[in-house]
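Given next, in structure tokens, is a single chain: the form predicted alone.
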Amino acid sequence: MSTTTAIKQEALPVTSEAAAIEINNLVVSYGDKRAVDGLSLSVPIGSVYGFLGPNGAGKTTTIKTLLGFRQPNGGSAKVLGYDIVTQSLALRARVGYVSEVNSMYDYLTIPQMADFCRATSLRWDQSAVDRYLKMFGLPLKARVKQLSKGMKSQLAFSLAMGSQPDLLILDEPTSGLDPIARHDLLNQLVGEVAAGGTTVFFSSHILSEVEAVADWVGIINAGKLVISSELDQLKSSQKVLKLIYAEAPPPAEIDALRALPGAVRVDQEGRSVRITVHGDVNTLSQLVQARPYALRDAEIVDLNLEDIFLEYMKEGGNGR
């Protein structure tokens, strides 16, 4: 029996669970090094989930393990309700995947590559593929080997959408794309893919892109989860309180500020003090202004996703 026939004969119900991806204490090792170290993470169905972390944090290893390309050394995970170890073939029939380095047959033309993917897919929508190929302006007569890295990424995305995935996993999807192509691809994520109910799970090192399209974010560092949250909630709960004193506060006062509820980081430069706050910034501001040292100004500043990410990466990724 061929692989394609085996897939088509297996019952593949879409999960009724609340999570498209459910990871529990996942461990993946390369020799003695743990690339993924006890990771637990839940990705809600229908979300656009930005998966963030510095280079070497374990993002790509996590993605490859979820797709069954690597075997975990411990823990478990389900994708669309399918176990990643025992049902990897079934889950991949419902998942579209675009990697930073896309492996395709160089000698095939774009239509031939689409024919190959159609023959090995559980379901196929050629009209969707054609729409994306036209949007990206890809040369249909060209062979894959003639395409630039960015064009290959666009082709891989177009082919992934042809399989009508319930979950789209993208590993650095805009790598190699120029700003216009990145904008077009991200607009499709929001305008068509996510709006159509498909869950999108993607990693990117361009945090402004993640902030523009994601409604959930997860940050990992050294293979461990740092935080997972709805983006709006994360941004509303984390602020910076900027203070200007009449005179530079002494070290004892800086220590007292660090002890206030919600203050996770305090930086001083002369008369200026910057407090990173997780929680109720207004209450903390009132506590600061009630202290005996004369303030000239107190300002609450919103943080963008890049600011928040950098705060969590400081001092080992715990935000302190």
Partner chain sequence: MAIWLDVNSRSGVPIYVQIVEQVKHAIEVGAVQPGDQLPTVRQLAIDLTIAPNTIVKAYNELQMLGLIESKAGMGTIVANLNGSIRKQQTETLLARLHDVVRDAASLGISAEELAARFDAEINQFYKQGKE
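Note that this is a predicted model, so its numbers are computed, not measured. Positions refer to the first chain, counted from 1.
From this point on, the text means the form predicted together with its partner chain, which you will not see here.
The candidate spot formed by 274, 280 and 300 is out of contact with its partner chain in the predicted bound form: none of the three has a heavy atom within 4.5 Å.
Between the options 227, 147, 117, 194, the residue in contact with its partner chain in the predicted bound form by a heavy atom within 4.5 angstroms is 194. Comment: its partner chain is not present in this chain, but in the predicted bound form one of 126, 73, 76, 187 has a heavy atom within 4.5 Å of it, namely 187.
Look at 138-146, 173-181, 206-214, 76-84: in the predicted bound form, residues with non-hydrogen atoms within 4.5 angstroms of its partner chain sit in 206-214. Put simply, residue 236 is close to its partner chain in the predicted bound form: some heavy atom of it is within 4.5 Å. Proximity of residue 48 to its partner chain in the predicted bound form falls within the 4.5 Å heavy atom cutoff. Remark: residue 24 does not count among the residues lining its partner chain in the predicted bound form, judged by a heavy atom distance of 4.5 Å or less. Taking the partner from elsewhere, residue 232 is found to have a heavy atom lying within 4.5 Å of its partner chain in the predicted bound form.
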